[in-house]
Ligand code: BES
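What follows is one chain in structure tokens, specifically the form predicted alone.
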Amino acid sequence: MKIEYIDNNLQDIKADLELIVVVDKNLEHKSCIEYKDILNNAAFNAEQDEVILLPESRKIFVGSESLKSKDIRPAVATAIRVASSKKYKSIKLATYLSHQKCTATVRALAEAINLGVYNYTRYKTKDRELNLKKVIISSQEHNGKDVDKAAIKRAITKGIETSVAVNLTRDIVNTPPDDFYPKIMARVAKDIASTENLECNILNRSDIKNEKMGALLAVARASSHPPRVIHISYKPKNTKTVISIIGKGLTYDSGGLSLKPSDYMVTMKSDKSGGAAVIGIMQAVSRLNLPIEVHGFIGAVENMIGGNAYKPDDVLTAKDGTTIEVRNTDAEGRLVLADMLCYAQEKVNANYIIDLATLTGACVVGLGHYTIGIMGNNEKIIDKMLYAGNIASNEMAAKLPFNKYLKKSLNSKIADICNISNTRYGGAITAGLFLDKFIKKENKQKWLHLDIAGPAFVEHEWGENPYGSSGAGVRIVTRFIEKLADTKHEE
């Protein structure tokens, strides 16, 4: 589907349908006043994300609490989702700005169009063909504001590229495990790297063994699909800073010998969401031409059961020599990330180190389905990521604080550390503290951990997100990197 910006008034643009956002329930606005009685009679209250289609008038209305991007994005996405289920081939709408010189809303609008139209139908025998071919954004501003057309075009382009990367991530996560295992994840990464002019290096099992990644290899041991370690690099000229992004790429997680109940095994194709987000982020930063050197690392592994599976009571040796007592084989993601964090720090001297993982159900319990948990040792960087999430990208995020008492709960009597804590409480934080063990002392202030277990995969539509994968992590980290590109690097 094509998103096009046209320097023309709405009335002079031909389209099958016009989308009108009703802001703050204002049916007295010039765009709504003609249809006020019809809307009232239809009991349309213009609540956030409430949609009504008037086929005779070729108008679709949607409510938005404000002109802020956090409200416009889900509103427009919801309206586009409704319209795309009909037979309309083209839609037009005005430019929406919250402030004269702020283009955040129009970027959100462009993102919403692609995010709202997304539908994963690969396995439908009767694939739903998308009738909607074009969405046209007019240069006419909803409230008659003068617009900087060049800035609007840039914002729309950023919105398009970011949302395309999110949808790529969604496709990867939604693909079933029988068709998406470590070898396939490596192939997809290599294809994206080739298309986007990125560097890509893949390690196979023997290479991983040579790197002494004992924790990652143990998790992969019982699978018929051997693991892969993926390193994708984006190296622009005159880079301002260097960032490493590490993703958990569990293409499927049965729980290992600490087997998950069957109900909890369903949707575990989503355990590759962190690794999938890394691929999406790498595509986004390349297409946005950001002056930041970015390295993406993915540990692509399948956690299965079998006679050679790793076991509770095993002691594993990570890449940096740390010994790990295994008390639960379903706490496998942190074992993979432990080796990947060591590998990333060895290969790249980065100014920022960020990992993304669907790491703990405890994070979902603590924050709910829709919020990312952020952990680390540097309050300034945590605040930057919270801004990138809650303000810039509207991927909701919250800080989970480390503390020395929970850290002690990971102590092992027979090894350097245990892979789960000795308490059932604070599980998301203790998982983050486990990862902190594998961050070098000189890098402690550079590292952030993002637990995306809540929003990565939800079995109903919410906001701009469809059933299934949301592409969590792509927008927040991309906006974080964009902000680094706009400001002087601070040590």
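As the structure is a computational prediction, the values presented were derived from the model and not from experiment. Just count from 1 along the sequence shown to find any residue number.
This protein has a second form, the form predicted together with the named molecule, left out of what is shown; the following refers to that one.
The candidate stretches are 157-165, 326-334, 178-186, 406-414, and the one lying within 4.5 Å of the named molecule in the model of the complex by heavy atoms is 326-334. Out of the listed residues Ile292, Ala388, Ala362, Cys418, Ala362 is the one that sits within 4.5 Å of the named molecule in the model of the complex by at least one heavy atom. Note on contacts: among Glu111, Asp355, Asp271, Asp339, the single residue with a heavy atom within 4.5 Å of the named molecule in the model of the complex is Asp271.
Contact annotation for the candidate site: Lys209, Ala218 and Asp320 all lie away from the named molecule in the model of the complex (no heavy atom within 4.5 Å). Using a 4.5 angstroms limit between non-hydrogen atoms, Lys260 touches the named molecule in the model of the complex. In the model of the complex, the named molecule sits beyond 4.5 Å of every heavy atom of Glu395.
Residue contact with the named molecule in the model of the complex: Lys248 places a heavy atom within 4.5 Å of it.
The closest non-hydrogen atom of Asp253 lies within 4.5 Å of the named molecule in the model of the complex.
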